[in-house]
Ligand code: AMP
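For reference, the chain that follows is the form predicted alone, supplied as structure tokens.
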């Protein structure tokens, strides 16, 4: 872009020098692999597919691959399937772009380590510094927001197609809770406005993002009939392995109903607690209206954003301890 909107320029002032270093790396490598965190959400996949599409649109001679696990429902409804590559592909030099992942243990494909050059782009707290270039901006509500900002600050004229914009928009909508979370800023709306200018169909986007099946109603019904609320307004529901089988859902889908409690008076924080038999643990998604809950999540092998975090407990008997820690926030 010849003239950068001041709000976009100010947003990346702390890493302005790195913006064109990212561009230089993309130009330098003919083979590019894009990674993100395991058990992907809207932002992880939206960032990954948005950036992959943008690179292909502007550098059609590049070989761009997307790595990681497919999502149980978003693939292929919202996003194409991930690439399946044998180990030989990684023997030649390639650039690794790792998105939306604060620590290396959660990167979905370990072969990112084989890259000749590594770049981290994230919006989570910088708990682990990695990559030759590391761009972490916690002001962004989503990694997708940060990536689009980087693109808008590049020197040169680069196009943003409606397809790339669609993926980035999904990432921003997903991680901002449809622009409801406190991480949403004026910059977020400016970025969304820019993406809308490409001609994306937001009605179709929202329809596909939140499409439900009839069986999903039975899951919601179960949650509404089996939730608990603590003395100080912490709501939670528990889905063990047996119930998941009966409801015909996977572990990854256990948190899909967590925001049923978001706008209920008297509920201050809310959680989904889902058994993960494969990893022999219970995965907890925690949300709150205003009070930061990420420090509590950190005490239970987790972390994340102030009002949206994840945690993990090894045994269900540990759940009362976690709920009590959350309860203390509202006493």
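Predicted model only: the values in this text are computed from it and were never measured. Numbering follows the first chain given and starts at 1.
There is also a form predicted in complex with the named molecule; it is not shown, and the following applies to it.
Asker: Heavy atom within 4.5 Å of the named molecule in the predicted bound form: which of 276, 301, 63, 57 fits that? Just give me the one.
Answerer: Spelling it out, the residue with a heavy atom inside the cut-off is 301.
Asker: Which residue, 138, 103, 208, 230, is the contact with the named molecule in the predicted bound form, using a 4.5 Å heavy atom cutoff?
Answerer: Spelling it out, the residue with a heavy atom inside the cut-off is 103.
Asker: Please pick out the stretch from 259-267, 64-72, 27-35, 301-309 that is in contact with the named molecule in the predicted bound form, where contact means heavy atoms within 4.5 Å.
Answerer: Single hit among the candidates: 301-309.
Asker: Answer for residue 124 alone: is it within 4.5 Å of the named molecule in the predicted bound form, judged on heavy atom distances?
Answerer: So residue 124 counts as contacting the named molecule.
Asker: Using a 4.5 angstroms cut-off on non-hydrogen atoms, would residue 118 count as touching the named molecule in the predicted bound form?
Answerer: Answer no; every heavy atom of residue 118 is more than 4.5 Å from the named molecule in the predicted bound form.
Asker: Classify residue 253 as contacting or not contacting the named molecule in the predicted bound form by the rule of any non-hydrogen atom within 4.5 angstroms, answering yes or no.
Answerer: Contact check for residue 253: no, nothing within 4.5 Å of the named molecule in the predicted bound form.
Asker: Any of the heavy atoms of residue 53 lying within 4.5 Å of the named molecule in the predicted bound form?
Answerer: Contact check for residue 53: no, nothing within 4.5 Å of the named molecule in the predicted bound form.
Asker: Considering only 128-152, what residues come within 4.5 Å of the named molecule in the predicted bound form, judged by heavy atoms?
Answerer: Contacting residues: none.
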